[in-house]
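Just one chain is shown here, as structure tokens, and it is the form predicted on its own.
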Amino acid sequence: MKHLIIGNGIAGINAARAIREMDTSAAIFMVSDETFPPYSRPMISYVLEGSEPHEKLPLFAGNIYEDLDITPVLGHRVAHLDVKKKFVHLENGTDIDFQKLLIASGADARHIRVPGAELGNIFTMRTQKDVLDHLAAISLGIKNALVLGGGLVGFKAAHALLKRGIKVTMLITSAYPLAMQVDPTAGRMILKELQARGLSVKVGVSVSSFDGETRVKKACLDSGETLDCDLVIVGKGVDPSLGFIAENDIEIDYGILVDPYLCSSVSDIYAAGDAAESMDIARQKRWINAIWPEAAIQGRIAGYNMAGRKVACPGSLGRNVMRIFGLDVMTVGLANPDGADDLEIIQAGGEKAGVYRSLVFCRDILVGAVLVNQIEQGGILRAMIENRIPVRIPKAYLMSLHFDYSKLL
């Protein structure tokens, strides 16, 4: 059996490990546009802030390709997938055939498209190479940094630059940071914490253009304001890397639609990680939860199924735990719903209390939670969401900051 895996991230490498566990003689080819060994993508912000060296990024000691008998094809991006003839065409002109394919191509950072965006020292923050580029720019002297986007990437970038003593301004189109992860109350608490720690945050604004000769020197905002900046990090989200798939060859919504076994609409072609839309436990519909733990789980399950062992994926669940200076923040599931009629939200605490809790219910099933400080019982809330455990007591009891959630399990 010849397996081809597109992507050498955690989903791809875990799939290869599962295949090799089941079949010691199968041929495994792995294609990636990166040349660096499989590494911890969440750690790149630690490299940027200087708390970890770049050499600590790889996930494995030694040569994982040799250890798993993988034929790596690195530094080359897939240009086209031929679904019927079962081969991929690389940008360098090489063709690689397969019997079973896993698309674990991950996601690409969104670039900003405004006049001047091609100037030097304007970066995204997605790969280890991105961070090396950041560090090279910083080594030449940076006075004013601009971070675009108020999501996790933007926050991590801003935090890392602040730790290096660089003056940072964060520009957020929405009304508060982490708007995709938290509700307005938690967002205001986070905003105040960031500002109290010396981070300049401007909300409700966007960049309209950049100025400079070869490198960026100024950013012009849609508010009419102009900001000095000699480094820009764009954290405006990512999109699944699926440009090599022709329209209608595979069923795709935002990502590749997969069944419980992570198989696409085409037999023998699987998808996992940021490229795959699997069933979301909280939403009860297909969704991409682009987080490291889900990619790791899905990769392993896809690998087992490719090797002939039927293993169903129980569904994915978005969750994040983060330390934002003096705040502990945890989000799980449908934490910030858009006002669906069948949802009930109950809240306790808030900005003055310094502690906040928001729980989202669909009838008697918990589907989402936001916790700010006192997050110790967050794991129990996650278990309730994952297992869809009905809440049989009055929901008001759950708002007590001293309630023991383990009683509900």
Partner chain sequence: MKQVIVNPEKCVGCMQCMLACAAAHATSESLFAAVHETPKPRPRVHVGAGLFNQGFPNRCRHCDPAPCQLACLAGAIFRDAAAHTVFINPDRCINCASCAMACPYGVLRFHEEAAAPPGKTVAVKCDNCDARVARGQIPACAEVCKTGALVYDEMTHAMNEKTRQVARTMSSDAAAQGLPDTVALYNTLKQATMKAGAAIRR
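Under this definition, the rigid core comprises the largest set of C-alpha atoms superposing within 1.5 Å between the forms. Residue numbers count along the first chain shown, from 1. Since the structure is predicted, the reported quantities are computational estimates derived from the model, not experimental observations.
What comes next is about the form predicted together with the partner chain, which does not appear here.
- Judged by heavy atoms within 4.5 Å of the partner chain in the predicted complex, the contact stretch among the candidates 139 to 147, 289 to 297, 225 to 233, 91 to 99 is 289 to 297.
- When you look in the predicted complex, the only residue of V355, M43, C362, A26 with a non-hydrogen atom within 4.5 Å of the partner chain is M43.
- Here is the short version: of N320, Q195, S209, S265, the single residue with a heavy atom within 4.5 Å of the partner chain in the predicted complex is N320.
- If you check the partner chain in the predicted complex, you find a heavy atom from every one of L59, R382 and I393 within 4.5 Å.
- Put simply, Q374 is far from the partner chain in the predicted complex: not one heavy atom of it is within 4.5 Å.
- The partner chain in the predicted complex comes within 4.5 Å of no heavy atom belonging to V182.
- In the predicted complex, at least one heavy atom of E52 sits within 4.5 Å of a heavy atom of the partner chain.
- Put simply, I172 is far from the partner chain in the predicted complex: not one heavy atom of it is within 4.5 Å.
- Taking the partner chain as it sits in the predicted complex, the stretch 378 to 409 comes within 4.5 angstroms of it through a non-hydrogen atom at G378, G379, I380, R382, A383, I393, Y397, D404, Y405, S406, K407, L409.
- With the core held fixed, S40 shows a CA shift below 2 Å between this form and the one not shown.
- The Cα position of A369 differs by 2 Å or more between this form and the one not shown after fitting on the rigid core.
- The Cα shift for V31 between this form and the one not shown, taken after rigid core superposition, is smaller than 2 angstroms.
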